[in-house]
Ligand code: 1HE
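Before any questions on how it binds or moves, here is one chain, the form predicted alone, in structure tokens.
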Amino acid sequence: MSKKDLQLDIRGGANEIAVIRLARPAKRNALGDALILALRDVFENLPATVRAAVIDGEGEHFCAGLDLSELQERDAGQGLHHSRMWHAALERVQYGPVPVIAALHGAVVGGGLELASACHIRVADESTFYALPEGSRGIFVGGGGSVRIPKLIGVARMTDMMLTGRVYNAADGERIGLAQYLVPAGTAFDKAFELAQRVAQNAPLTNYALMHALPRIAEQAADQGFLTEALMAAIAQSAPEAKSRVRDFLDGRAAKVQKA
């Protein structure tokens, strides 16, 4: 992988935003091992001043999936370790230091959908389409898709996508939960960056709780989840920044929630 295949741009301000761009437009930003490891390294080494990140794809597509030119014959053990390497890398996206917003357009296919599902918010423009063609290629998802994607759309819909090769367009993808926002063509990045700026203004400990605690609470039995929630709430509200923000609200210095 050329270093140009993954670009990192730290955009300044009081709360910095990391713009991480897949830059293999000739390959429709297909993911190879080197690119996945580069993503891992970026999230492991983000400056402490960064408060949110946007992942984007250069050219007409976000990511068309696995770079099949790199597909190798592996025995079962090698295949297991290869998949676990992808798991570890994408876990650094989902459970990394900052919230991540994906700016989706064009193909969000196979491994590209696995990457998108590891992000915390997904913004799709009207050119976006989603597919999981692994079933027709005689392979199975290996980058965490079988864990993350059913949590977005359900097991039955993912099964259908893989069994039949069904492709969802942008509107239907947003309807079933593959994206939280649907915007006009060509504006996904602008909306994602706007959201990242808003997210970056949150108290860091609150963002950490939403990234690291909330998904685990959702997987716990109710009595365990309630206890974890109480512990996380106590920790978050004890932070000096939280106390300052509550005082600002009580003293009328903070904006009130308005109808959208």
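Not measured: the values here are computed from a predicted model. All residue numbers refer to positions in the sequence shown, first residue = 1.
Beyond the structure shown, there is the form predicted in complex with the named molecule, which is absent from this document and is the topic of what follows.
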Contact label in the predicted complex: residue 64 to the named molecule, heavy atom within 4.5 Å: yes
Exercise: residue 130 in contact with the named molecule in the predicted complex, heavy atom 4.5 Å: no
Contact of residue 30 with the named molecule in the predicted complex (heavy atom, 4.5 Å): yes
Any non-hydrogen atom of residue 142 within 4.5 angstroms of the named molecule in the predicted complex: yes
In the predicted complex, the residue from 149, 107, 179, 100 that sits within 4.5 Å of the named molecule by heavy atoms: 107
Partner-contacting position among 48, 26, 222, 234 - heavy atom within 4.5 Å of the named molecule in the predicted complex: 26
Site check 197, 208 and 241: each within 4.5 Å of the named molecule in the predicted complex by heavy atom: no
Heavy atom contact within 4.5 Å of the named molecule in the predicted complex, the stretch among 110 to 118, 163 to 171, 150 to 158, 185 to 193: 110 to 118
